Each structure stands twice: as structure tokens, then as C-alpha cells.
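Next up is one chain by itself, shown in C-alpha cells, the form predicted alone.
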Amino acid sequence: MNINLTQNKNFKTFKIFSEVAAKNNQTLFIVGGYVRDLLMKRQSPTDIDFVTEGNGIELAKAIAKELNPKLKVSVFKNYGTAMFKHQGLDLEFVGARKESYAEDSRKPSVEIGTLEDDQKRRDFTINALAISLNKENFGDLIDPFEGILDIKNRILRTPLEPSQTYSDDPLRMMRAIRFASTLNFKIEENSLNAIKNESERIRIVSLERIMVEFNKIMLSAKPSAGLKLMEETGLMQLIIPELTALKGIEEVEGQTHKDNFWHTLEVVDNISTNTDNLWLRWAALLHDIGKAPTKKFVDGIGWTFHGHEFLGSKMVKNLFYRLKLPLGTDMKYVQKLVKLSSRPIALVDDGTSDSALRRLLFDAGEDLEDLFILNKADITTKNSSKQAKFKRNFEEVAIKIKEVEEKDQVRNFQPPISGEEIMELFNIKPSREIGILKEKVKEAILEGEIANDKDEARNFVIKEGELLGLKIGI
């Protein structure tokens, strides 16, 4: 089968590469994801991998020199690879190789090999496809493992025996699930069983690499496809046991609770239809994380999960730290949304005070809309009338909050009187009284005792300052 590359936007680049390879007496092939996506008619990635039966580093340097003598080539001698950027593309070259693995490492021993050897070491048949850039068969598809048939049937298979493939490089188990989730493919039965059998091998892979694949699953159109496979294969229990702890339904005195693991997966799918924000999707994944350790059956009441939001927000930090996820603003954002996840529904009651609404505005700040997206995604009931009722409830809360926000302006709250102004007012130096007075001003505004107004705040501070023994200008 020949792929007509003349219509490809990179055709001229490929022809130059072909000519330089011929001058160097080397073969050259496009391999991997670029070929797969080209055959699937997906948007072509900006990174392209090339294999040569020879020295990949020397060929990369020769091609870069032909394109532009000033092009910078990055060389990775340990891996025998070289790469450079050209016209918005990341181009990587490697010499064809054989690989063998030690039991306790996913770093291979490498030998020089042929294109066939190189294709055998690939993770899946759909990624073992190659297109020749050689003059005698330019554009020919080289498909030794029927990868094009697997693309047609949407099947994920390994080129060689699956247990060996996954044992050699256990990250491939996560990649299999990631491709199944992002491409909507089915993992072939023998391959799926091999992942179950080799799941423990994931422990030798760095969490940073695992999370790269996990986050791609989280960003897929329907993340639950990948998350279910992780649970089925045992990988979820090994990587995020806090989630699998949510599995199961208990019954006491005829009363049950919902399975919070499968509910969580529904919430993640729901939220994914409304946002591509990775960390908002993580908030959905972890919003009930505190329910397993807080679950309790109380006579006369039933199952309770008191304080699960607060505990869950604390668990987020430990989980992010262990999984090597960002510990800065992204983690704090997820913590905040988990902690506030049940607050809006508690404000549905007509008797809800403006104070409670102001406090939610203050606590959620600029993330209030994201909190409402999470709340709506959390509606997983299959009862259409209940679903409509819950959505109306959130809309009513949103209207109430908008009214309070317009009136009191407490979102992203900034004190109407600063610490410096308080020091000047009482002619005092920095002291604990400044913090006390600022906190009192904030509480008075949130409780509706004074308006969010500079003059009212100043008069309030004078009165409260006198109670602390402070005098104006003294």
C-alpha cells in the first residue's frame, strides 16, 4: 500500500529529508503516532519521529545543515537520538535498534538493528506502522503486524507477546489504557489479561511518567472509559487507592448508600462535557474522596459522611504530593473546590441568610462559576424529575448569589480599610491589634452589620479600636 504524500503539507520537507538520507547512504522512515494519525485522518501531531538504519544523530545533523546551517540540534547520546525544530515541527531521529530489559528496570539495553527490529519494539501495532521516505519506494506503508487492520477494527494489540511487552516497559499498560480512552479503541483480550497479570510492575515506573498518561486519560472526551479500565486491571488500586476505597455498597437495617466510586466516574464524565480544564476535572474526581474514611451508620439517621468535604480537601494535598502533581495554585484550586463542593446545595432553602450567601461568595471568589459547574455535574440521579429539581435549585442559588454580589461586592474581597490606614488612624506601629481589627471588619461585612464601604468601615474600626484601648491619633 502506498500513501500519497504529495498532498501532505510536509511533502517538501519529507523530500529534502529523503534526498539527504540518500546522499548519506542511509534509509529513512516516518514511524509512530504521525503515521497512525495520518491513516486515521486525525489532526496531524506537530512531532514526527523518524527511524534510519544507521546513525540517527549523524543523519539529523546532516538534514538540519541542509535546511539551515544555524539550526540547533539537540543530541541525546545515551538514547542514540537527536531532534530539532523546523517550521513549527518537533522532528526526532533515531537509529533502528533492538531492545532488551532487565527485570527491575524499564531502561533497555540497546543494540543496532533493522527497521523490522525497531517495529517489533514498539508498544502497539497501530504505532508500529512506518512510511518509507526512500527513493525506490517513497510513500510505501510498511505494516508487518497488520496495524492498519487494527485501526479499522479499533483494536489495541501489541506487536509481540503482550505479557513480555508490558513487563519490559510497564508504562505501556498506562499507554494502552490512555489510547483506549482517547481513541475509543478496545484493548484486545489477551492484552487486557496481560495488563491484569503484570499490573504490579507499574511500581517500577516513576509517578511523573504515570501521571502524564493519567492526565491524558482525564482530558479525553469520556474519561470513565480509561478510569474503568484502570479499576478493572488493578492499576487504580496501585496508583490511587483512595478512589477504589469508595467502591462498594453496604447495608445496615435495610439502608444502603450509593457506590461512590462509580458515582465519581459519572461526575467526571458529566463535567467533561462542560470543561477542558484539567484541574476542574480533577476536582470532580476527588470531590467525594473523603467519604470512605468518614462513612458511618447512625441509628435513626442512616449512613452519614459528616465532614467528608473538609477531610477530602486535606487528602488532596497528600495525594498531590505522593503523585508528584503540582503543589502550587493547581492543588489549592482543587482543594478549594473539594472543600466547598457541598456548600451551594445547603443554600437552597428560602430561609437562607444573605450572610451565608456572602460567605460562599467570599470563600469561592473567582472560582464560584467552576464550583457551580462541579455541583451540576454531581447530579447523577436517573430520575428525570429529581434531576430537573436539583438543577432548578442550583439556578435559584445562583440568582440569590448574583443579587447579593451586586449589592455587597464581596467576591474577591479586599478590605475597604487597609492595615496602613488603621495604623495611621490610631498612630500605632504594626501590632496584633491591626490583624484583629481587619478580621472584625471582614466579619462585620460578611454578617451584614456594615456595608462594604470605606466610611462605614472606618467608623466601625474607631469603635472597635476603642474597645481594644486604642485612641485616635494617640
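Only a predicted model underlies this, so the values are computations on that prediction, with no experimental measurement involved. Start at 1 and count along the sequence shown; that's the residue number.
We do not show the form predicted together with a small molecule, though everything after this point is about it.
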Checklist entry - Honest question, do His287, Phe305 and Ser342 all end up within 4.5 Å of the small molecule in the model of the complex by heavy atom distance? => result no
*Quick one: is Arg36 in contact with the small molecule in the model of the complex, heavy atoms, 4.5 Å cut-off?*
yes
Check whether Asn127 has any heavy atom within 4.5 Å of a heavy atom of the small molecule in the model of the complex, and answer yes or no. yes
Discussion item. Check Asp49 for me: does it contact the small molecule in the model of the complex (non-hydrogen atoms, 4.5 angstroms)?
Written reply: yes
### Message
Since only the chain is shown here, I'm wondering whether Lys336 would be in contact with the small molecule in the model of the complex (any heavy atom pair within 4.5 Å).
### Response
no
Testing 141-149, 310-318, 164-172, 186-194 against the small molecule in the model of the complex with a 4.5 Å heavy atom criterion leaves exactly one stretch, namely 164-172
As a check of understanding, the residue in Arg121, Arg201, His257, Lys291 with any heavy atom within 4.5 Å of the small molecule in the model of the complex should be identified as Arg121
